[in-house]
Every structure is written in C-alpha cells, then in structure tokens.
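Given as structure tokens, the chain that follows is alone and in the form predicted alone.
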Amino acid sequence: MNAQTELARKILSEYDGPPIRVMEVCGTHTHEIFRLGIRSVLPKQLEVISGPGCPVCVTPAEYIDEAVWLALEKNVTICTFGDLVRVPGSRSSLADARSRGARIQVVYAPEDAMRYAGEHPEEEVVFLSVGFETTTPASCLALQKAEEAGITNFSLLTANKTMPGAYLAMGDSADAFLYPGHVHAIIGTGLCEQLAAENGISGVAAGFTASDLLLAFALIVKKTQEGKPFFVNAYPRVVTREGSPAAVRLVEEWMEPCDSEWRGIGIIPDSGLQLKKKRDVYDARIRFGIPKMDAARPTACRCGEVLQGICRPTDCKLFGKACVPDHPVGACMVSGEGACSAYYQYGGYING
C-alpha cells in the first residue's frame, strides 16, 4: 500500500463529522466499489448512492420499441452491445424479437457493425448507438469509415447522451459527485470547475482502482469539511483539463445536441446527441420512417427512482423476487453497469 492510499484510509477511518451523501454517477464505479469492498472501509456517515451513469439504464423503453420495430417490420439487421438485448421495451425486448426470427447481432464496437454491413451488402444494418461521451466518438468513427469505404447499407439508431445536463438535473441529490474518469478523459474538467464555481455542485473525478476510489472518497470527506463547493481531479494520469480535443471534434463533425429523455428523470434539454441534418442518410429514424413510440411504463419497477438516487435497489419490492438477472423487470437489473445488478451480484441486498 503506497503512502497516498494509507493517508486516504486514515482520513476515512478517522472521520466523525456530519453525514455526507455521495452520488456515483458512473455504473462502472457502482460495480467496482462493490467488487473491491470499498464500502467496508468508508465511514458510516458517508452514504453512497447510485445515479444516472449507466447508459443502458437511462435509455427509455421507446428506444427499445424502435429497435424492435426496425427488426420485425423492416427486416433490418440490428447490431448492438449485449446488454441491450434483454432490456425490456413496452411490449418486448430484442431477445423476444430474435426468437421471432429477427436478425440481432451482438458486437463489441460500432466498427464491428460497420464491417458486418460491408460484408453483407444485401442487408440493411443498424447499429444501436447508446452511450455517453466515452463511446460516442467510436460511433462517429464507424460512420466516417463507412463513408470512406462507400458502405451505403449502414446507419445508426442514436440514443447517445451527454453528462453536463444530468449533473445539473441531479445537482441537489447529493453533497458531492464521484465523476466518471473516462467521461472526463474526453470532455476535460472545465465543466466540473464551472459547476463548482457557478452552481455550487461539488465533485471529484475518479479512476477505477481501489487506490483511486479511496483517494476520491478521502478527498470528498476532506473538502466537504471546508464548507464550500469544490472540484478535484483525482485521476490526473488519465484526465486533463482539455480532455481529448480530437474526439470532441469528431463528434461535433457528425452530431449535434438535442433534447433527450432519460429513464426515470424525464427530458433534459440538450442532453442528447443526434446526427446532423447533412448526415441524414445515416440516421435510421429518417431512413426507415420510424413512427413515434409511446411506451407504457411498468408501475411497480423503481428503476427510475434508483437512477435519481431517491431509493436503493433494495427498496423496490420487485428486487430479488420478481426481478432478478435471469428475469429482469427493469433495465437496472439487466445492464452490466446497472445499480440493481451490482446490488444483486455483490450481495448489497444483504450488507449494502
């Protein structure tokens, strides 16, 4: 254990002040905090809650309905990350559609979908572009390569989201955010500094190892005691103030901001990304004339409240009973980054 980690553990073990509420905005943080046993060394006054940082979880049911419609009504080949296959829409999932003969291909990157389209020119191929600033550049790069290669049977169904609007929408939910390091490796730290200075929203940009997380929590404890809004970059080996200008430019070349619905939160202005009008040929909604979907939402599932930090997964009466990983009711139990999945997998329903 290095000196910095020892100091972090000392700060956490000695804290005996007022309660501090910390929101882990990132689904990967949620799982790593459980997996690494971080909760066991946090002071009892520090409450860790989950937020809207799982891209699959915040994707609304209407989006799944659109994908199912494309697969069944337009005979389109859907390429997607595996997490989305079992996420329920209002009536069915992509897994259900596949059982009815739809072509659903699981891929590991947008470029895999682009390649599949090039190898199967007789099929219309749509990639389900879901994610935050970390993964959006890869979708734009796949489109750029498709254009360069003359691949004309490839398009995106976009549900890409950006974090700034969510930070503002959730600003009153916690005393401090645990900011996702991979997002801010792309967009930099200027936004976080602005949120602290202008909106009174505190937070620490954190990595994903045990020492990274202990340091981040120790900094939150230390800075909170100073009684004023703060931001600290605790992941400087990856996160810089300027981020990745090349990735930002690539996204700006292909996409533009739009209002976007977040499951459980509602519509957040300018928090989504859609393809620019000059890129309409790659927009699956326009290309296939997807009708407006109006999804009914399950009333018993509390996934939306979990995403807002209003309740823990264990507060939902479906958790661990009607809703389990093999038979999920809500997206938070399906996704590998979902809070319900983490609580179930790591025993948070017992000791969380």
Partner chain sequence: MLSAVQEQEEGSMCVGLPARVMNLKGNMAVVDASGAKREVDAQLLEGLEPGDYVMVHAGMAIAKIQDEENEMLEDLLK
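Since the model is a prediction, treat every value here as computed from it, not as a measurement. Positions refer to the first chain, counted from 1.
Omitted from view is the form predicted in complex with the partner chain, to which the following refers.
At the 4.5 Å threshold, heavy atoms of Gly227 stay clear of the partner chain in the predicted bound form, well away from it. Taking the partner from the other structure, the partner chain in the predicted bound form has a heavy atom within 4.5 Å of a heavy atom of Asp83. Interface membership of His120, defined by any non-hydrogen atom within 4.5 Å of the partner chain in the predicted bound form, is ruled out. Although the partner is absent from this view, Thr28 contacts the partner chain in the predicted bound form, with a non-hydrogen atom inside 4.5 angstroms. Checking 165-173, 278-286, 180-188, 260-268 against the partner chain in the predicted bound form, the stretch whose residues place heavy atoms within 4.5 Å of it is 180-188. Screening Gln274, Ser202, Asn233, Thr77 for any heavy atom within 4.5 Å of the partner chain in the predicted bound form leaves a single hit, Asn233. Taking a 4.5 Å heavy atom cutoff to the partner chain in the predicted bound form, none of the residues in 302-330 make contact.
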